[in-house]
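Below you'll find only one chain, the form predicted on its own, shown as structure tokens.
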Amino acid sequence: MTHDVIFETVKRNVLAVLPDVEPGQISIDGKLSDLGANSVDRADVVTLTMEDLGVTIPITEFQDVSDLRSLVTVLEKHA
């Protein structure tokens, strides 16, 4: 699975969890918190994306995730 496909999956789930966010606001170097996501929203985005990609990743893998690029990188390692 490619980096771009994973990012598009994350982006789709961000839009599902945060319906007030416009697609143009989501960039690979952006942060979910900057889009108004709280900790529950961030967990929902990660969970939905893992389900869509068919992967299970221990939560500890996400401890250093600070932006969407680092989230995509973690997901890419397991996809």
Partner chain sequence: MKPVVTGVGVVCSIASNVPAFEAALREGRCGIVQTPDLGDGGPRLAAPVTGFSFEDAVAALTTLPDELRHNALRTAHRSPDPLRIDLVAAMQAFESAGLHCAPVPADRIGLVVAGHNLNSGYVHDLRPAYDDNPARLPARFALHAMDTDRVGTLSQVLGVRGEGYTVGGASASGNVGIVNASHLLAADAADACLVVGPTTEMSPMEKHGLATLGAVAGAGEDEPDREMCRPFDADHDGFVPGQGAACLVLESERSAKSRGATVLAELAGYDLKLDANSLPDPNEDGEATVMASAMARAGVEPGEVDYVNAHATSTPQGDDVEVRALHRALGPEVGRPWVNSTKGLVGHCMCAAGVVEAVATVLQMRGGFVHPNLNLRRPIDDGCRFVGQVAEPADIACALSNSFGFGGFNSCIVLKRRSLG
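In this text, all values refer to a predicted model and were calculated from it rather than measured experimentally. Residue numbers count along the first chain shown, from 1.
Beyond the structure shown, there is the form predicted in complex with its partner chain, which is absent from this document and is the topic of what follows.
Relative to its partner chain in the predicted complex, residues D41, L48 and T56 are all within 4.5 Å by at least one heavy atom. When contacts are judged by a 4.5 Å heavy atom cut-off, P23 does not count as touching its partner chain in the predicted complex. Contact annotation: L18 falls within 4.5 Å of its partner chain in the predicted complex, judged by heavy atom distances.
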